[in-house]
Ligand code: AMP
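The chain that follows stands alone, in the form predicted alone, written as structure tokens.
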């Protein structure tokens, strides 16, 4: 199967070709259509299976349907367990939106930076927020972030987050985001805590 068969727009297909993505991985082939059909998903996928593109591409497809340039609203929240993965996911969004008519503003929130700078970043206009779970909770606890327009909530490598004691904090995040949203959870294992 080719990416062209998965229902992605020509602009995303152009970015895929430019970055030498020609054939979807098995996880991308299964997950992309489900996300495009607005399903919540729980995916068990090992590192290196192509899971990041499997949620980035359909999210960008959804956002690309709004061709009007409007003030950015935080529509996507992706939480990861590490700085490195946060940076990688944010870069993947940036790589694939290159040819979209309306660029999506992506910000990343990671530890190791001053909390004041992180809060300032979350207050700026952005469409996509990618953050380490721990630092996002720090920012969220300051009550300076508006997530009322959130459409997608992604937990990437959720098993690692739960191993780090994230289960107790998840309730606080769920209370801060709209009840109506699409939930995408990716994990290498299915931990008992979930």
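All figures in this text were calculated on a predicted structure; none of them were measured in a lab. Positions refer to the first chain, counted from 1.
Missing here is the form predicted in complex with the ligand; even so, the following discussion is about that form.
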item	value
Residue 25, heavy atom within 4.5 angstroms of the ligand in the predicted complex	yes
Residue contact check: residue 51 to the ligand in the predicted complex, 4.5 Å heavy atom	yes
Distance check, residue 38 to the ligand in the predicted complex, heavy atom within 4.5 Å	no
Residue contact check: residue 146 to the ligand in the predicted complex, 4.5 Å heavy atom	no
In the predicted complex: members of 75-90 within 4.5 Å of the ligand, any heavy atom	88
